[in-house]
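In the structure tokens that follow, a single protein chain appears in two forms: structure 1, then structure 2.
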Structure 1
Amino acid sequence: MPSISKITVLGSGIMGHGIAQVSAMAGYSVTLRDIDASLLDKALEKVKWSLNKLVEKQKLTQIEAEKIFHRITPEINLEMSLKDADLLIEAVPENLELKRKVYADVDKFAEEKTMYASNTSTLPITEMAALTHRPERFIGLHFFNPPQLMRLVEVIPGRNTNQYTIDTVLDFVMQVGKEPVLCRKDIAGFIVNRIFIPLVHEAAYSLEADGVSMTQIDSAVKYKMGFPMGIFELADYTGLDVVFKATSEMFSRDKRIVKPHPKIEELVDAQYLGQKSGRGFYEYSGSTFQRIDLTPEEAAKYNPIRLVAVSANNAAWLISNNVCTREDLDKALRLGMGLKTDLFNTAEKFGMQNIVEKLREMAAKYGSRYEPDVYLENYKNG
């Protein structure tokens, strides 16, 4: 197995700083690069906060935490940041024009041995690889928020990615204590976002159509669908700008994946970006980790069958189209979104026939994107 010792992470935002931290925790030497010292200072503060939490919870000793922190070198100069890098992980904002510029610069300075991995959540890997001089050594490496706690990494080869790159990156994922799931097709949203993003919009439609409250929907998502958080809560936690961008990218590539609800765009336009800006769907008192109060009593007031139906249908599409196996799907949702119950097991509780009927009813009312997938129509319980 090729040996990787030096990692360069480009972009120090929510994902970049977390990926830098988990790499340092696995013993890698990491350079964290961003365009401005104040961004890097903020990122290192977040790493410190997270390491302190892990010390508090006795997952690390104080001495280990200090060693990990010192394995991360902040850097503004791109050329310096790429020196001796075995693996570059790009986590800059999800804008193809920006990525085009970043990769053009990276290509000027990266050493021959450096492999490129992008933490993009929705941009096609093959398209991004084509922006570089080394498409055969370019791969998608999609971590989940917060990278420090979520154990999944989706690995997405592009059309030209070679086996050596796939093997090296799969090994890296395991070295950092994460579980890889291979996404067999380079499709918009890969596996998890194909479930997560449409669910946010469907919940927004339900809010309107079913005359219920956000906490009733969120409580039902938590207590009846096995999610660790409500879906509005999760969208706020992820960042509504991130959700909106992922929506737009997915929608621009395939209109059937998601039906954008205008509320998300309105919130983003008003700069209500979720927990990080103090307001999103909900209001928050600070910008660090905060939970919404959800209860089984509130959950009892809402039947989330349309949310289960839409999620199961999107999951079914992934399996029917050979993007992943049912086993990988369950693993991805368990480790990437913290699901406590496998999605199809939840759907079984609602009755697969009821789910299929609900989808047919929605297709008749709202359009063909809700037509049930053949996998659900032929589904056998257990």
Structure 2
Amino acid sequence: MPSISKITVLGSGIMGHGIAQVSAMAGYSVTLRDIDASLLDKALEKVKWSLNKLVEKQKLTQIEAEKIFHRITPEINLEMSLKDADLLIEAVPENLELKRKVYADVDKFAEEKTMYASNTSTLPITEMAALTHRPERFIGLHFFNPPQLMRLVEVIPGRNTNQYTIDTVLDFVMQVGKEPVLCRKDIAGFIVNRIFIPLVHEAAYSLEADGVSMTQIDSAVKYKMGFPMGIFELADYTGLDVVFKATSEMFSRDKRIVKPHPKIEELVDAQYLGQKSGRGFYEYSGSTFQRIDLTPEEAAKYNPIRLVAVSANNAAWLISNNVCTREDLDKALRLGMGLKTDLFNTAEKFGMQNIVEKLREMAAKYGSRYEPDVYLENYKNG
């Protein structure tokens, strides 16, 4: 099996320093690179805080925490940061023009052996790979936030990624204690966002069309669909700026995936970004994480078949187009979105024929993007 010993992480933000930490915890030598010493200092303070928490919980000894911390070397100079790197993980902001500049600079200094991985959650891997001189050794490596806690990593080959790179990166993900899911095609939204992002917008349309409250929809999503929280609550927790960015990227690549509801853009324009700004779909007090009061009684007032149907249809498309297996889909939604019940098992409870009929009804009313996928039409329970 291919092996990696030295990692370079570009970008020391929440994803970058988190990836650096989990890599160092797995025994890898890590160089964490950013453009400013103050950014690196803040990142290392956060790593130290996180490791100290693990010591407090007796998951690490103080000596182990110090060894892990000293495996991470901060660096400003790009050329020095890339020296002897087996794997480069780019975690700079989700802006293709910025990434274009980063990869142009990286290509000047990276050694022949270095594989490139982007931690993007939305941008096309094949397009980014084409910015480099080694598209066959370029891959998407989508850690979920925060990397220290979230077990899922989506692995996305570009059109030209070779098998050696895929195998090496899959092995790396397992070595750092995460669970990889292979997204076999470089499609908009990959796997988890392909389900999550359209669902946020569909919930916003349902709010208008069905004449119910947000808490009724969210309660039904939690208690009838097996989500860890309501969909509006989950969007607020994720950050509506993140949802809007992912929506824009997905819609620009494939307009059939998602019909953007204007409410999300309006909230972002008003800087109502969700939990982190004190207001999103809901209002929050203080900076600590708050849960919305959702109840089975509220759930009983709303039938979320429309939301189940859209989610199942997008999931069906992933399977029928050989983007992922059903097993990997279930794993991705369980680990990435916290689903307590596999999506198709939930759909079965609503009746697959009812789901298909609902989609046909919506297609007639709202357009062909709701047409039921062949996988649903031919679905056999179990």
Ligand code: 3HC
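Residue indices: 1-based, along structure 1. On a predicted model such as this, the values are computed, not experimentally measured, just so you know.
**Q** Identify which of the two structures, 1 or 2, is the form predicted alone.
**A** Structure 2 is the one predicted alone.
**Q** Specify which of 228, 357, 182, 66 corresponds to the hinge in the chain, comparing the rigid parts between structures 1 and 2.
**A** From the list 228, 357, 182, 66, the one at the hinge is 182.
**Q** Treating the chain as two rigid parts, what angle does the smaller turn through between structures 1 and 2, in degrees?
**A** Rigid-part rotation, C-alpha based: 14 degrees.
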